[in-house]
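There is one chain below, alone, in structure tokens, taken in the form predicted on its own.
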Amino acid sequence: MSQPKIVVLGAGYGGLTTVAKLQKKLGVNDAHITLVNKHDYHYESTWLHEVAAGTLHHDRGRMKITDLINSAKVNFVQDTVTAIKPDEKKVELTNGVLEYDYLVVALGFEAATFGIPGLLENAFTIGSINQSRLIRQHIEYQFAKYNNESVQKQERLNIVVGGGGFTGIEFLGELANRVPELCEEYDIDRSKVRLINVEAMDTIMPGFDPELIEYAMNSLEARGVEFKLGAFLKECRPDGITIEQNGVREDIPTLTTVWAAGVRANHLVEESSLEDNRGKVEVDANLRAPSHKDVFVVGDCALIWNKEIDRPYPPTAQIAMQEAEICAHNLIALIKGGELEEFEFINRGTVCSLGEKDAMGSIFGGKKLFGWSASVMKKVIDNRALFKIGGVGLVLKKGKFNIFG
């Protein structure tokens, strides 16, 4: 009997965690495993806001895939997926075609622009290492340029962040710490710099405890962040944005708009013949596509309902890694025999960073953390994620240990 072919698309949290467990539990003769990724590295997507703000070097946030996999058990293919053909059990790449017996779709997210005019063309997004590096370089350029013009342009020092969710707030926390350093370096009065958060809802961090939200806002406002809540972004231009708040329109001049207000699953899912719900696959209890039982979907491309609140679970690293554990178990069961497991999310808490020394969140059944203790817990969570995909060696090489900031 020939070895079953497992193809895993994407080396993010979901894909890499799946591969890590498969290579640990399957022997070299049990299956032929192929991991496909556009780049030759995995990056910690939960650290991208630090790279974008310039508080973390981009090389610290990424790691070679070949250092994380067992090449005797896993074949790594660096290529771009162009089409998923589940009816033909094939995946098309830029440079070839892969056939599979079992497929794991873990292609991650793309920015959702909601049809806002000019957003796609003029706003930055925190979606990859390279996009984050571009944001950092762009912001530094604006500061460097400010005092090198005969007429100083305020729009160079106005930084707008669209979205008051996890990514937007964590990015603002890093920026609030980074801006004073940039001001000192480029001889700019801190009071001239505006950090503006635009959020359509009447609160940041929806779903968080009000006390935690209040703490986050107070922390960021104390460091110069302005909040425009209940404000809708109506247009994004190269030199500014237009928002509408309480029926009143306002133009804000800026050369830096960072969009962090929504994500969608990779477009290839919707373009495939997989049955989708607004671009995501509403997987069954075993994390398989209902229309194709040989296709597993994890991470940002999977839709799983939280029955307690009748809403889908948000796409987080925590849930992606838990999905990957079950996905890998079920693949092993199908190949070696055994019972399939149903996915059940275990909420171990959520912590939002507000900068190097500050954070807020809840853990262990709702225990609230603020400030330094929350910041320490955030580092523990980050290190745990590294351990899951690369063991102790990766934690020692890339982990966060400076708990005193």
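What you are looking at is a predicted structure, and each value in this text was computed from that prediction instead of being measured. When you see a residue number, it is the position in the sequence shown, counting from 1.
There is another form of this protein, the form predicted in complex with a further copy of the same chain, and it is not shown here; the text below is about that form.
Q: Any chance E140 has a heavy atom within 4.5 Å of a further copy of the same chain in the predicted complex?
A: Taking the distances in the predicted complex, the answer for E140 is yes, it comes within 4.5 Å of a further copy of the same chain.
Q: Indicate whether V97 is a 4.5 Å heavy atom neighbour of a further copy of the same chain in the predicted complex.
A: No - in the predicted complex, heavy atoms of V97 and a further copy of the same chain never come within 4.5 Å of each other.
Q: Closest heavy atom of H57 to a further copy of the same chain in the predicted complex, within 4.5 Å or not?
A: Result yes; H57 sits at the interface with a further copy of the same chain in the predicted complex.
Q: Although the partner isn't part of this model, could you tell me whether N148 comes within 4.5 Å of a further copy of the same chain in the predicted complex, counting any heavy atom of the residue?
A: It does: once a further copy of the same chain is placed as it appears in the predicted complex, N148 has a heavy atom within 4.5 Å of it.
Q: Quick one: of R133, R223, R194, R288, which gets a non-hydrogen atom within 4.5 angstroms of a further copy of the same chain in the predicted complex?
A: Spelling it out, the residue with a heavy atom inside the cut-off is R133.
Q: Name the single residue among R62, H32, K357, K379 that comes within 4.5 Å of a further copy of the same chain in the predicted complex, judging by heavy atoms.
A: Answer to the contact question: R62.
Q: Even though a further copy of the same chain is not shown here, does it sit in the predicted complex so that Y41, A144 and E185 each have a heavy atom within 4.5 Å?
A: Every residue of the spot touches a further copy of the same chain in the predicted complex.
Q: Counting only non-hydrogen atoms, which stretch in 239 to 247, 317 to 325, 186 to 194, 211 to 219 is within 4.5 Å of a further copy of the same chain in the predicted complex?
A: Heavy-atom contact with the partner occurs in 186 to 194.
Q: Is any part of 335 to 360 within 4.5 angstroms of a further copy of the same chain in the predicted complex by a non-hydrogen atom, and which residues would that be?
A: Residues within 4.5 Å: none in this stretch.
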